[in-house]
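Before any questions on how it binds or moves, here is one chain, the form predicted alone, in structure tokens.
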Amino acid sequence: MTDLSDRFRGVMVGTAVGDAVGRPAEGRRSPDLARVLSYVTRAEFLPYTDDTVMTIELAESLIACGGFDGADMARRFALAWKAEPWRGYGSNIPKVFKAVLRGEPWAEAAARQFDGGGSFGNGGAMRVAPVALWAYPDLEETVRLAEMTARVTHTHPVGVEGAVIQAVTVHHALRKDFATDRLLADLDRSVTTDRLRRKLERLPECLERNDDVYAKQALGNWVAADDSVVTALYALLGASDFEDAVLRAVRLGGDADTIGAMAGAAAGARWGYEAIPWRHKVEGHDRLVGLADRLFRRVQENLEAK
């Protein structure tokens, strides 16, 4: 049986593998899965995108600060972007990073996006998986931290609740007694925005149909949180193992690296590190495993202290 430490490793490495497998399909309407698989199989090294960069920086910030510190997290994100701006960042988020590096408060920089409405993209969700590890097994704390970490760059309610959905999904997937109905019940209690609730309401029909084309039309496959986060959940819940979850996510096309990263994080939690194919090829493997182990030791110490 997969133990919790293996699941923690699965979350971190699964994020990067899903991201890397989705990268060559990014922006494609209907990716050729055979070509993607050929590339992944033949490649000796699988590079990740900004999705994994920010996941790593979020985990590093939580560990270094002993919890959430918005200023530290924002600066880590900004410095990572400055060092490698070619990783695939969206067109708007560099404005936030530049403002942070100029010394502007991160909350003001984030809130100023889109004429003060804030971003409703999936950036808060794509990187949130370490929150579920840091807070485990406390669901309430997982939700609270997901909201806070999302607001470092995404202040629109849809962007924030997209991160909540992904964090709650990873939280449940870490459990040995994972149950879809219990996950969906917790999501129903946690999500209030109409746009995300409508997508969650359509999810059971998509799972019953098991038709990726229909799911793509019903749930979306692009960069808005309400067009991608529930799509990754669909890939997870309709899958038989890690590889199936990630390939289903990537096959949906569109924002394939991010949907793959989110599905990979949750699938890694559910089936564990040892169940991840291509894991030793992925960029940053050792660093990701090290972060997972540090997060697990913290949780283990907290549980033993109680």
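The model shown is predicted, which means the values in this text are computed figures rather than measured ones. All residue numbers refer to positions in the sequence shown, first residue = 1.
There is another form of this protein, the form predicted in complex with a small molecule, and it is not shown here; the text below is about that form.
Asks: Okay, which stretch from 210-218, 172-180, 113-121, 134-142 lines the small molecule in the predicted bound form, with non-hydrogen atoms inside 4.5 Å?
Replies: Among the listed stretches, the partner-contacting one is 113-121.
Asks: Within 4.5 Å of the small molecule in the predicted bound form - does that hold for a heavy atom of every one of E60, A129 and E147?
Replies: Not a single residue of the candidate spot has a heavy atom within 4.5 Å of the small molecule in the predicted bound form.
Asks: Please tell me whether any heavy atom belonging to N92 falls inside 4.5 Å of a heavy atom of the small molecule, as the geometry stands in the predicted bound form.
Replies: Yes.
Asks: Within a 4.5 Å heavy atom cut-off, is K199 in contact with the small molecule in the predicted bound form?
Replies: Heavy-atom contact with the small molecule at 4.5 Å: absent for K199.
Asks: Can you tell me if D69 lies within 4.5 angstroms of the small molecule in the predicted bound form, counting non-hydrogen atoms only?
Replies: D69: no contact with the small molecule in the predicted bound form.
Asks: Can you tell me whether A99 touches the small molecule? I mean in the predicted bound form, with a 4.5 angstroms heavy atom cut-off.
Replies: Heavy-atom contact with the small molecule at 4.5 Å: absent for A99.
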